[in-house]
Ligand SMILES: NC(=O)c1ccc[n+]([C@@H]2O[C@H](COP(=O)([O-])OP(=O)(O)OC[C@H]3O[C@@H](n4cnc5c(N)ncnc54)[C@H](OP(=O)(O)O)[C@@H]3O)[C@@H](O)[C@H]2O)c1
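Just the one chain here, the form predicted alone, laid out as structure tokens.
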Amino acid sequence: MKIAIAGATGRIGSQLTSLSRKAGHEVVEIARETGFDLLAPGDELVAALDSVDTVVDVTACPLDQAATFFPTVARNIGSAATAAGVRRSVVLSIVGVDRSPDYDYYVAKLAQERAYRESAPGVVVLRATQFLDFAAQMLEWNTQDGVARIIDVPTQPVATGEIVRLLLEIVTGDVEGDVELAGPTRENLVDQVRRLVEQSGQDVRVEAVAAPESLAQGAMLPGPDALLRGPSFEDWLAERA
């Protein structure tokens, strides 16, 4: 199978590229580093998707760019995929984007999904919960003067490896239709960060701060039909020790 991966050099994309090639698939890497500007439609993208069976979008961007980036890239890839005769388009999204009108990043991801459905062939959406190391990222990004201010939200984090494996299952047709993916255990983000601080011995005080209402009320949690896969946060934490 010939697979095009948009965002192929990123965190998820690089893993998906490697796993796809190990499984014997041909991969077309679409990223800024490989010469593509996904914000600008062009014939080079249509040419790159020639004879591709499935295109996968695992692109990411900073929060302040999301409102423009996600729907624009979706329309550009979707239009190119249609023109090139691609059969399936797989989009990595986030659990809760349809329940969080008060969080701009999620609003942008929902706009991405809609843009794909309007422009791309054979769209399948995988919504995943936060990564297992999301708490570590939040600790890094939100610590100042010895205080980590962390939004107080419930989460159910999942391993990136499980996201990648499920993406490939969707690409090959082993899993059909839109799907949600989460890890096996429900957590609280503030508690996760405190456990990380305790494990690392950092001199950091963790303070809970208010989150957007939808997130505080559980929008980041999976629905009852979600697939639950991979290690728990506790297992992941133990591996870090």
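Bear in mind that the values here come from a model prediction, so they are computed numbers and not experimental data. The first residue of the shown sequence is 1; numbering continues from there.
One more form of this protein, predicted in complex with the ligand, exists but is not displayed; see below.
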Contact at Ile12, Ala60 and Gln137 by the ligand in the predicted bound form, all three, heavy atom at most 4.5 Å: yes
Considering non-hydrogen atoms and a 4.5 Å limit, which listed residue (Ile150, Ala74, Ala128, Ala81) is close to the ligand in the predicted bound form? Ala128
So which of 26-34, 48-56, 207-215, 185-193 is the stretch with heavy atoms within 4.5 Å of the ligand in the predicted bound form? 26-34
Would Leu39 count as a contact of the ligand in the predicted bound form, using a 4.5 angstroms cut-off between non-hydrogen atoms? yes
Counting only non-hydrogen atoms and a 4.5 angstroms cut-off, does Ser93 reach the ligand in the predicted bound form? yes
Determine whether any heavy atom of Tyr105 comes within 4.5 Å of a heavy atom of the ligand in the predicted bound form, and answer yes or no. yes
In the predicted bound form, Ala4 touching the ligand (heavy atom, 4.5 Å): no
Heavy atoms within 4.5 Å of the ligand in the predicted bound form is the criterion; list the residues of 173-200 that meet it. none
